[in-house]
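In the block that follows, a single chain appears as structure tokens, in the form predicted on its own.
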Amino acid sequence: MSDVLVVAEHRRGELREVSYELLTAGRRLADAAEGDLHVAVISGDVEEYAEDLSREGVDAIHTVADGEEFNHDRYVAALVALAGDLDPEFVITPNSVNGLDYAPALAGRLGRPLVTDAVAVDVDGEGLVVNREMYGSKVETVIEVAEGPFVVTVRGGEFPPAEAVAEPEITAHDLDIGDLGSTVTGYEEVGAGDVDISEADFLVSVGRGIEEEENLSLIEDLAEVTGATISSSRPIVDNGWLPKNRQVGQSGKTVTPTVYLAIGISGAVQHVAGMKGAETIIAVNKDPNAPIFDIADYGIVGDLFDVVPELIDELN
């Protein structure tokens, strides 16, 4: 029996979607290891976060009310203390900017092996089995780590979020973290703009097929009648037609909307890596062999300059 400790992530007073996804990943790993699923939430309004994280499959939640925003030293110190008390076989963190900041230090302090960017996790006997994607998601590799305990970072958008409400045991920890080596004086998201596409429920995403910048008005009209948020593939951002914060993909953001409407997007692996977690994918492309149709739930083969006006008229 081996327990799992998942570390939740929050930003500016709100839990991030990846926190709920890691509950699913953690539960699956705990089931395979015949252990319990523990969740750690550090800093901010931990009582509210603990209530939100009380989802099906969670056995216990541990809160550390110290500070407001993420701080590397605080997270490492708190998690070292919690791991010492709980002795989990597996510690799972998001493969996010924050997770990749403290996970290596945590693994070093605990003397554990670290595996990053997992898209699937399992156990084999006493070892850990991790699936990772390489070469622009063209190749999936399987890594077997024979001796634990382990620290693993899991990529967002790879697991469905845990949803059903439950009543796990919630424990507040008053840890003596001591003096921190660093101080967070504020939070500023560089280039964030006014929209966070990773939080959008309905994305209308445009690609190279739009041809000219002035044609983006067609996509804006569609987004307006559908109430969607506009995102894009990399060529649109490289051309300076949309800001960087709208880009989906490996070099952009990972998104998990309920609906992802891809217009004039071919479906390069770098783009697909950022949106394949969408619940429903709809693609419009005049090339019937476009790779986007391989992952789309619904596809329209046609010229977007014919299809999109028809959609707008129909929706109006």
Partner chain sequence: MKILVTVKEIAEVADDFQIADNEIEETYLEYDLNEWDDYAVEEGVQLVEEGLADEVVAATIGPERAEETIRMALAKGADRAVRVWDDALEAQDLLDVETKADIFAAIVEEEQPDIVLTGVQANDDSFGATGVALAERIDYEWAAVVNNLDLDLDEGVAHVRRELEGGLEELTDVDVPAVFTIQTGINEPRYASLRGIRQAQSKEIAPKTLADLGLEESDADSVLQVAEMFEPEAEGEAEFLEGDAGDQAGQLADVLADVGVLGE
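Positions refer to the first chain, counted from 1. The term rigid core refers to the maximal set of C-alpha atoms that superpose within 1.5 Å between the two forms. As the structure is a prediction and not an experimental result, all values here were calculated from the model.
Another form exists, predicted together with its partner chain; not displayed. Remarks below refer to it.
Put simply, Q270 is close to its partner chain in the predicted complex: some heavy atom of it is within 4.5 Å. Contact check for E144: a non-hydrogen atom falls within 4.5 Å of its partner chain in the predicted complex. When contacts are judged by a 4.5 Å heavy atom cut-off, M134 counts as touching its partner chain in the predicted complex. Residue contact check for R28: none of its heavy atoms lie within 4.5 Å of its partner chain in the predicted complex.
The partner is absent here, but in the predicted complex a heavy atom of V115, alone among V115, V123, I219, L82, sits within 4.5 Å of its partner chain.
Looking at 249-257, 28-36, 47-55, 60-68, the stretch with residues near its partner chain in the predicted complex, meaning non-hydrogen atoms within 4.5 angstroms, turns out to be 249-257.
Counting a residue when any of its non-hydrogen atoms is within 4.5 Å of its partner chain in the predicted complex, the hits in 220-237 run E224, V225, T226, G227, R234. Relative to the superposed core, T226 undergoes a C-alpha shift of no less than 2 Å between this form and the one not shown. After superposition on the rigid core, displacement of the C-alpha of D238 between this form and the one not shown amounts to 2 Å or more. The rigid-core alignment places the CA of G252 2 Å or more apart between this form and the one not shown. Relative to the shown form, the Cα atoms of V154 and M275 move apart by 3 Å or more in the predicted complex. The gap between the Cα atoms of Q270 and I92 is smaller in the predicted complex, by no less than 3 Å, than in this form.
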